[in-house]
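Only one chain is given next, in structure tokens, and it is the form predicted alone.
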């Protein structure tokens, strides 16, 4: 006959099973054993501290709601951590929570005592390896949606994407080891890093791939010091076949963390394991990184991701709309792409905001709605007016083809549109004269200055032209 605690936990498992994938359930919940039930507190046994920490980090909300459903609002969960020591000396070693007279970390339905009792003379086994699980079952932590299929290629990221594919198809065997991907915030380096990991997993299922943020690595390192398990921490990372560290710049000025990562890096590299790193700066611009580690970053390839051009931004929006099964007028897509130029995350955020507004308020998706949403969105993101957008407004105003501005045409209306584009680019953006000329038919800075002087002269001498300029400025700032 089953005990009550076994029945309660079986009911919890039935709920949990319906809310997560079969693989996650098999990995994280099947190894758990119910121990007892006293005064609405269910005790479950887990095989390691890392196992407990993973449950708390990834499934705490699901556990809370499940326990509440089974035991009521006063239901609580207690963990008994039994660490497998067989790969050390076959001596049983148990750490239980709560130990006698210990306080709980927090007063919540899911609780964990603060302190751990250890038997003297016995070291804690590796907290980063789950006993009973095979090496290939180490969770990769990859974001499945961040695949190569969902990564739009453009001139801005072609080198980084090509290098990433080469690494994914032959991890640890190319000259791109380590592969360091760097860019400003929101341009896709995390997406590309995950895509590399996903592709490696698809191509080589037997390989262990791990994606970890620099903050998570640092947190685990600190825990290993606290638990006197530094060797286990290092050994765990040294067994990874493809290690992906995101936002390495957060290691800056943390010399002990850098020292241990240096040790891990060397071991992986010597054994032909792949290392992928992301950063917001190129190695030459990194500050607070110890020289010997910085030199390792330069061994392989450093590939940057630049701000996406107009065509890439439009393609990103179209891809997202296609994936979500949503249709949108081309002029609306173009308006969003012209308006937000420096951050893909903000670009997609504006699109989501507009779709939400249209759906919730039952509004038609049109240019008017787009302008309304973008006006609010760009206020919060401090967006600058772009040269691309200036050109579009001017070409629409004079009914001139957009590509004409970058052509060599000497037709009067084309030349004037080009000069106006240079004039407003100089006036309304912080872009250099050389860059403005490059975007307006590959002209030099002297031509840009001449164009601005010509427009100023026309404003002073031609009243109708002055009206055109004032109307255009209002439209650009709209």
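Just so it is clear, the structure is predicted and the values come from calculations on it, not from any experiment. Residue numbers count along the first chain shown, from 1.
The next section is about a form of this same protein that is not shown, the form predicted in complex with a small molecule.
In plain terms, the part of the chain that comes close to the small molecule in the predicted complex, with a heavy atom within 4.5 Å, is 190-198 out of 324-332, 262-270, 393-401, 190-198. Proximity of residue 275 to the small molecule in the predicted complex: non-hydrogen atoms within 4.5 Å are absent; the residue sits far from the partner. For residue 240, no non-hydrogen atom is located within 4.5 Å of the small molecule in the predicted complex, even though that partner is not displayed. The closest non-hydrogen atom of residue 139 lies beyond 4.5 Å of the small molecule in the predicted complex.
Heavy atoms of residue 320 reach within 4.5 Å of the small molecule in the predicted complex, making it an interface residue. 316 is the sole member of 252, 316, 77, 358 with a non-hydrogen atom within 4.5 Å of the small molecule in the predicted complex. Only one of the listed residues (344, 373, 209, 405) places a non-hydrogen atom within 4.5 angstroms of the small molecule in the predicted complex, and that residue is 344.
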